[in-house]
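Listed next as structure tokens is one chain, alone, in the form predicted alone.
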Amino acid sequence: MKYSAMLLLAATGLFTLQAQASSTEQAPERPDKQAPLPSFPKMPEQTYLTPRPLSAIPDGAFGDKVRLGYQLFVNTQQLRDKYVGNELNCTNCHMDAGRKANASPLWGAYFAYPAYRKKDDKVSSFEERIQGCFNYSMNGKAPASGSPELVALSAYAYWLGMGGLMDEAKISGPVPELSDTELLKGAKREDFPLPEGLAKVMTVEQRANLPGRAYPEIPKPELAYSPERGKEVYVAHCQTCHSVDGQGQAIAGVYALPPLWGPKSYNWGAGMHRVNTAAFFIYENMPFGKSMQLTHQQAWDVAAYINSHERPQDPRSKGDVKQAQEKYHNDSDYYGLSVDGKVLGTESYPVFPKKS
């Protein structure tokens, strides 16, 4: 791993992206109440952490937690109606079971928390970050603090990251086991237990800014992003998998390819509803399998098209779309804006609907 690159990334800090105005309605300037994850442009010849293979998960109680975390991550639908209210799985947005660099991998997130989040206006632990995913991306209900599901997902994230860092530092042996309490906190803290050799070669900030931990930032579009142009990109490159109506592909009731809007997708509180976040993800990771590369403009336009459709309500809304827009949303999304004569958010779908 190129530690000089890590240092550069750590020094770069957070960025603020002023998204282009909607071609449907001009977005007013207002403070960003839901700042995106830190993101950086890809660096040429950058190397990335490589997690250990799943076959290396150890036997015993700790290994069982890691395996359960993996199973929940790739098949989150087993928690439908308990904690999940849509047809998504964690791995839809965090590719290759949370292992893939530049797809917001689990190993990058684990070492970045605890951290302050504007979205919650507090310092959040890794456990609380996962709870947010259930509330927003999964349009569901967060598991209770300390629940077996949160422990398992934390154990899986920790194991992916720590094993990869140990291998980079040429530290042999199994990943050290941690208590449930330690696992749930996350690793961005001075008192986080580390193998001695690893503590000597990486600072807390370097571990928190591992290359590839987010979706890489791409340049702003030359033209203001446009849902109208985005529809053309969607028809050409996306609808084969996600369907003409954006509702994905299901086989025997099981979604093999996820819905992108509508009642079965992420809600208006999820990070992916932001045009910039979706554009970064799409440019780097889509079309699935990367049979071709979209241009920057195409990524911005199709992200705008996807996110200019109605979806489940922001769970933080108290019934007043304008109030929720001003309090929680920025000018990089369509919540509260008029599209095709309708104000998005006024006809949103329910939060945490039961399937059964």
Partner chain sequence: MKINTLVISLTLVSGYAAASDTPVQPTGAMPPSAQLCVSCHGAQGEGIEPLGPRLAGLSSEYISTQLHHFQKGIRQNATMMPMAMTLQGDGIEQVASYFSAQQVKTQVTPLIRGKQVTFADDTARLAYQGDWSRGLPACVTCHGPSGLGGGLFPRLAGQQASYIKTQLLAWQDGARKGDVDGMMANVANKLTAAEVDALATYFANLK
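Numbering follows the first chain given and starts at 1. If you're wondering where the values come from, they're calculated on a predicted model, not measured in any experiment.
Unshown form predicted together with the partner chain; subsequent notes refer to it.
In the model of the complex, the partner chain lies farther than 4.5 Å from every heavy atom of Lys118.
A residue is said to contact a partner when one of its heavy atoms sits within 4.5 Å of a partner heavy atom; Pro41 fails this definition for the partner chain in the model of the complex, lying far away. Heavy atoms of Asn276 never reach within 4.5 Å of the partner chain in the model of the complex, leaving it off the interface.
The partner chain is not shown here, but in the model of the complex it comes within 4.5 Å of a heavy atom of Thr91.
With the partner omitted here, the residue from Glu228, Asp191, Asp245, Asp96 that has a non-hydrogen atom within 4.5 angstroms of the partner chain in the model of the complex is Asp96. Site annotation in the model of the complex: the residue of Leu223, Val123, Ala144, Ala256 reaching within 4.5 Å of the partner chain with a heavy atom is Ala256. The candidate spot formed by Tyr48, Thr203 and Arg207 lies out of contact with the partner chain in the model of the complex, as no residue has a heavy atom within 4.5 Å of it. With the partner omitted here, the stretch from 281-289, 169-177, 106-114, 126-134 that lies within 4.5 Å of the partner chain by heavy atoms in the model of the complex is 281-289.
Contacts between stretch 47-77 and the partner chain, counted in the model of the complex as any heavy atom lying within 4.5 Å, involve Leu54, Ser55, Ile57, Arg67, Tyr70, Gln71, Val74, Asn75, listed in sequence order.
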